[in-house]
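In what follows, one protein chain appears twice in different forms, each by itself as structure tokens: structure 1 and structure 2.
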Structure 1
């Protein structure tokens, strides 16, 4: 535990001192004779403080694990990788100026994306205006892909509205007597969270599952009991939450207190975090969530990533770290294929074209992208079964069978 804390402290100090540590802790990165270019500098702004600090740090760790492994393999095109982090404090204005200065002042070779759709859009605008390739780990909302970006790629299996695709298929294939008839939706007012819940809502509604509650709550909401009261009054067969952590816990607790007993409960982000079962006590059992990554999967590099993460940071890798790592894998593959890593238009164009046409083996599985930068795969569905997180959908990835209807909470 002490080591974890020390590591975390060092990381936070590095983050605070911005580039200072990145520059000093790699003596080998100094220019060697015969190679006047120096290290490959990669500029990244992340929400290391503020609302998104927790996932922001996860992404940062993923980037660090990737850089560590690339450097162990000899770097990108024989040059060491140096990550330059900025902290945007979850502020969309700061994320823009961070990327401006990374590109113009620090003269980075590449940029990687920040966390959350809200920060990805302003960041991608800057990258686009300087003609930089922009692979990002966490901008899944539909809006991200409607801005006309030509150099943006989302390095995860699916955009928000496709997260629940496997679950929608499963529900719609149930025999008529078991098939749910009514569903309640509650979502945080956030493009990503809403995107996930509405993707499922629209598919089920089109197939005749009636929407009986459709509630949106602002991020300031602290009390979920009245929302649960509305859901209780409608007695739905399904409860679906477009949630992050605090609200997923708030909703589960409130639904439990108000004795709402749906046949199936699905929440997008909260249940995927390790803190969830303790926060809701026994109520986690049989809750479903879409998940883009699994620590047990055997996709390219996954087991090495999980192992190295543990060595560097002490804890278990999570989905955020995996998403950061995935960005690195894709860009690394592109750089090695086109043999250049300059901030020039020609080189960035070549990298962009390569990513648009290829399929990339990553820790979240093989990824390919459509012309807007949307990934073309789908998320797995996880469920708490006997207190353990199991992958229950799709069939070919499952570690346990889906439990339906769920037990009472």
Structure 2
């Protein structure tokens, strides 16, 4: 099959009547020194097709909202931002060649990361080999931070294995007669998805919660009935899915059809997307999910991002879009601090060092990083309560109390 290539720039958003893209390009208009240098080109490869296309498009939209707002403020160091996208089709080999091409042929000033740990690792290897800063929105698996990368930063509150920390604490503090005794785990064969499920599994198992099912399935899986049957036979108190979107829907519907009735059900990523409740046909109530962002939060720039997203795309912003936007916020702050935005080693070193030492106000809250680029914060836990997404953990961020046990499917 012919390789799919998608190239977009922020200029394309001018069609949506954004004044940020106009005026100074008119003949005879005076240009600032920054504009005379041309746009700041940012290279990005994303899974716009393939297994990860749903969240990939969300990340893309977050990047676009950020670029739109930066250009409305005058750009980076007075230069307009131009986003150059490639579609890696969820293929690790393509993502490598995409970043190679963006750096060596398109001569981009900066690169932003793709979606999923599976794509982040090969992409980061290319960026590292060229000495480029690599801030990424969705590579949270432990192995991402075991590669020896020195320029990678994960722009979200927590790595995969820590996503369920607040839920683990909640479960383990329950009275012994209310605490789940058994748990079933089903995970996509993906470092991030497995990391979320297994981080919770390991914490609960260490506290005596018995694992009765532990299934891993390939990304191309569409029939979840066999896995659901194993879970149904084990009758666990707790069901956990290490999932993206399509598989979270498939698992929930398969469990619902077999009338599996756990006391608690938690799935990563899928339930955080607005399409989830309709896709699972009424089975969303009381499902839990780790979430690094909330549309109601008052963190820096969040309400402006939510508003602009709706104006540009006509729907509600989601966590993927917020994570993409966060990448932009961090890099923008670093560029403004060190006053450079070129691909030279000197500039990229300055940007990297500034991010390693700083704390950044973002739409997901204040972020700082350890020496491996891991964020040092934690994820909230959301739950569908009366058909509405509520933050139920931690206590200081909650908008509603957690419902446990969940209602029956």
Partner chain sequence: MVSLLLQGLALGVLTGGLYALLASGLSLYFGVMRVVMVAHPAFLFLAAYLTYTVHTTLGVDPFLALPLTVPLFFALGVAVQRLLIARLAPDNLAMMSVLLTFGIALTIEGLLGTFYTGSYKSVSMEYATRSLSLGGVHLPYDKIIAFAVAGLTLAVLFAVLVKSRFGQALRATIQHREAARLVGIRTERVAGYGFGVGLATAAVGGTVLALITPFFPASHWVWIGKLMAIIVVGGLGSVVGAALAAVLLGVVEGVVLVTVDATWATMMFYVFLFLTLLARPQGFFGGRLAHRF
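Numbering follows the first chain given and starts at 1. Everything numeric in this text was worked out from a predicted model, so none of it was measured. Throughout, rigid core stands for the largest set of C-alpha atoms superposing within 1.5 Å between the two forms.
Q: Of structures 1 and 2, which one represents the form predicted in complex with its partner chain?
A: Only structure 1 matches the form predicted in complex with its partner chain.
Q: Single out the hinge among 378, 107, 234, 51, thinking of the two rigid parts turning against each other between structures 1 and 2.
A: Hinge located at 378.
Q: Please report, in whole degrees, the rotation of the smaller rigid segment with respect to the larger one between structures 1 and 2.
A: Rotation between the two rigid parts between structures 1 and 2 amounts to 9 degrees.
Q: Could you state, for a rigid core superposition, the Cα shift of residue 251 between structures 1 and 2 in Å?
A: C-alpha shift for residue 251: 2.5 Å.
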